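Single chain ahead, by itself, as structure tokens, in the form predicted on its own.
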Amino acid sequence: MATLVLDNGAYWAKIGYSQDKVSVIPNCQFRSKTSRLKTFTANQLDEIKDPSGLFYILPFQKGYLVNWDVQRKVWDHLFGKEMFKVEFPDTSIIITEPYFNFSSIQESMNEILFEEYQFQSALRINAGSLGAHRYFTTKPSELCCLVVDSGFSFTHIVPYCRSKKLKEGIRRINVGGKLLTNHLKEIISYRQLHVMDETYVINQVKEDVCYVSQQFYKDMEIAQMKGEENTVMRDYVLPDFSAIKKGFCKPREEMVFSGKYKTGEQTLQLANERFAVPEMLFHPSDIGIQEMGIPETIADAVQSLPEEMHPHFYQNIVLTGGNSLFPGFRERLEAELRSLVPAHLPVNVFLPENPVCYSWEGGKLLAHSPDYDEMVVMREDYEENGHIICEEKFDI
């Protein structure tokens, strides 16, 4: 009996059997400029020769699964012969869904898993719950943890106590990787080069050069200096997809501070964009989103919970999701929390080795845990009782 773990994110699907390694695959379809008619699914992205002007077709909008046709195509591809060769009647699936998911979406998912694919059993769970399970497994003495999951659509802050989430403490900030990439596209288009269609390229730029500033105003001053004194400035060489397959940052010693490059490559000059973009995670008000940043939201979430639990949450903050990969993210979050939290409470922010796959690893551990069989819904039970059995069993 195999168990397939699928952390079905809005941008990356993290998928793999519980006894194997994880694969991280784009959870979307693509169309390229060159072959307008052909649609590429998930990891067929690698077959596109020229990903400039790449058009994304995403199953998720604003963090919820709304485009089932696209999701089905991606799943068919993942479960099919080329990828995981799933034997549905002998396979159990652990699949993630967002917090406060709509019941209509949950019912559609039950139907697709049990009636179309006919999995033997299924467990629908929040990614954060898997992350918390992973954390509690490695630190069995801890009773509480606070999962900060900063992904493509949202940033969620969720307190867990003994593997149960405390609903009254859940907070959501509407800032995620998609917003950051779009904002970077707008800034670059306004200042240098029209890149509004180049989501793929600019997303790569964001991952390569952006970082979280420890002292925003000080870095702002450095970013305005001229010449060599400006230690923030970087030249990013854009890919042309013939000679340069992937964009890269010019090493400091090769940068030309006056005049143009002789080589004829197309470059972007990035200074304050490097830290002003991730800054939105800490100050969404910078671009007119009237919400608190991550540190204040964490303090607010913990405040809403019983006081005797506060020390346990502040000591066990777990970062997951792609945005936590920005250099300096953990340090800045810990420093800002330190100034918000009462002095006698220790603050500890934990960044896992691979925050993107952390929840998937939790699912892998859960699949091997003795309670697993109690948690899943079997196909026979679903056929007998319908959606109600899933509602009763899954802690969503």
Partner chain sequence: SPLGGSGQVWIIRSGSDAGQRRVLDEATRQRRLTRQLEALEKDNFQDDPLSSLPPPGPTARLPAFKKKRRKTRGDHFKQRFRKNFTTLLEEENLSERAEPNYLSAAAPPSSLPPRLFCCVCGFPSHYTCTTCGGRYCSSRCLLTHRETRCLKWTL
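Numbering follows the first chain given and starts at 1. Model, not experiment: these values are computed from the prediction.
Same protein, other form: the form predicted together with its partner chain, not shown, and the subject of what follows.
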property: Heavy atom of each of Glu47, Tyr261 and Thr267 within 4.5 Å of its partner chain in the predicted complex; result: no
property: Among 351-359, 323-331, 364-372, 62-70, the region lying within 4.5 Å of its partner chain in the predicted complex by heavy atom distance; result: 62-70
property: Contact residue in the predicted complex, from His133, His312, Lys178, Lys206 (heavy atom within 4.5 Å of its partner chain); result: Lys178
property: Glu228, Glu82, Asp240, Glu186 - the one with a heavy atom within 4.5 Å of its partner chain in the predicted complex; result: Glu186
property: Arg171 within 4.5 Å of its partner chain in the predicted complex, heavy atoms; result: yes
property: Its partner chain contact at Arg36 in the predicted complex, heavy atom, 4.5 Å; result: yes
property: is_contact(Glu383, its partner chain) in the predicted complex, heavy atom dist at most 4.5 Å; result: yes
property: Residue contact check: Leu337 to its partner chain in the predicted complex, 4.5 Å heavy atom; result: no
property: Residues of stretch 188-215 in contact with its partner chain in the predicted complex (4.5 Å, non-hydrogen atom); result: Tyr190, Arg191, Met196, Asp197, Thr199
